[in-house]
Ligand code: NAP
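This document opens with one chain alone, in structure tokens, the form predicted on its own.
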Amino acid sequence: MKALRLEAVGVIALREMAKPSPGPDELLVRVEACGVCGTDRHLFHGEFPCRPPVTPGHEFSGIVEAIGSSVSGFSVGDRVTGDPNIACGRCSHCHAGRVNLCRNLSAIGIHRDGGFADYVVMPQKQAFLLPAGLNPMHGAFCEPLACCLHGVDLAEIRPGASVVVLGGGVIGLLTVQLARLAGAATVILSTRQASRRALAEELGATATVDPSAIDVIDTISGPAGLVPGGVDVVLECAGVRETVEQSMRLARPGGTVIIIGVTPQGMLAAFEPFDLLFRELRVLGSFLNPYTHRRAAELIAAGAIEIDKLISRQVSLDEAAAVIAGPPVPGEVKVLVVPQRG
């Protein structure tokens, strides 16, 4: 089979490999689609820890081709999505129900071979059924949606709340939709790209702003701003210093800031602890997708989340290395690697 291999920092190439076989409690899945995530680019540049050589790709779905001898509940031909984050179930964090903080966490596409390949093997406990008639491309959105769900859960958005989403990539655009589903009355998205602002408004944002053209703080939370005094919830979805710093200043006193965007390891952001104290801000990191993957699959299967408008293009495995090694194309939201393409 073909597989895209991250062989070292800055070295990624398509290779021929033996087709894997599932273990007793595993599924062999023929990959239909696997999303390119910002984390994949962080892996390539050495900004996120992994274990090369490895096949990246953690946002995948596909068709079960073979099952292990101990597998139950799945059959050959099932369409499934995979939760890539494998908790040990034994450490103190797992026992406390914080599986995303597992001391022995192993991730498909980071620590073990992932979905940028013709086939991927995964434990049956990580697999979730999808409807047979679902658009094959939609299943690859379950993992990013599951991560967004965790952030929105932590935010505790109440009906009528005001929300700012910083960042107009796929995480930001999924989060806009989840914030509206949670009952937010005001959802403002900030992103430089005009096409993403227009798309956000199609997906439910009540307003959008261009941070390259205006003062974001004044425009949103200033005395004459969209929400004078600040919003109830800020969801940082860009993973860059500027938006992390803005997030603290956009929340109202007593408000909540959730950091969802993945920043490069070692990046620092400046904030004033006295300001957080004096305004009693609740600032939380949102890591991975604990117990949210099934809900994500159900939302996508039900058609509750707009997916098609988020797919910018589909590429083959032969084209994938250049996509991951290069910078994101302006205006693109999500690129899907489709192994059977071309």
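Position 1 is the first residue in the sequence shown; the rest follow in order. Only a predicted model underlies this, so the values are computations on that prediction, with no experimental measurement involved.
The form predicted together with this ligand exists for this protein as well; it is not shown, and the discussion that follows is about that form.
Q: Check whether residue 207 has any heavy atom within 4.5 Å of a heavy atom of this ligand in the model of the complex, and answer yes or no.
A: Residue 207 lies outside the contact set for this ligand.
Q: Taking heavy atoms and a 4.5 Å cut-off, does residue 71 contact this ligand in the model of the complex?
A: No, residue 71 is distant from the partner.
Q: Though only this chain appears here, would residue 240 touch this ligand in the model of the complex if you measure heavy atom gaps against 4.5 Å?
A: Yes - in the model of the complex, heavy atoms of residue 240 and this ligand come within 4.5 Å of each other.
Q: In the model of the complex, does residue 193 have a heavy atom within 4.5 Å of this ligand?
A: Answer yes; at least one heavy atom of residue 193 falls within 4.5 Å of this ligand in the model of the complex.
Q: Of these, 123, 136, 225, 211, which has a heavy atom no more than 4.5 Å from this ligand in the model of the complex?
A: The option sitting close enough to the partner is 211.
Q: Work out which of 185, 269, 217, 262 lies within 4.5 Å of this ligand in the model of the complex, going by heavy atoms.
A: Contact check passes for 262.
Q: Tell me, please, which stretch of 126-134, 171-179, 102-110, 225-233 lies within 4.5 angstroms of this ligand in the model of the complex when heavy atoms are compared?
A: Partner-contacting stretch among the options: 171-179.
Q: Residue by residue through 264-290, tell me which have a non-hydrogen atom within 4.5 angstroms of this ligand in the model of the complex.
A: Residues within 4.5 Å: 286, 287, 288.
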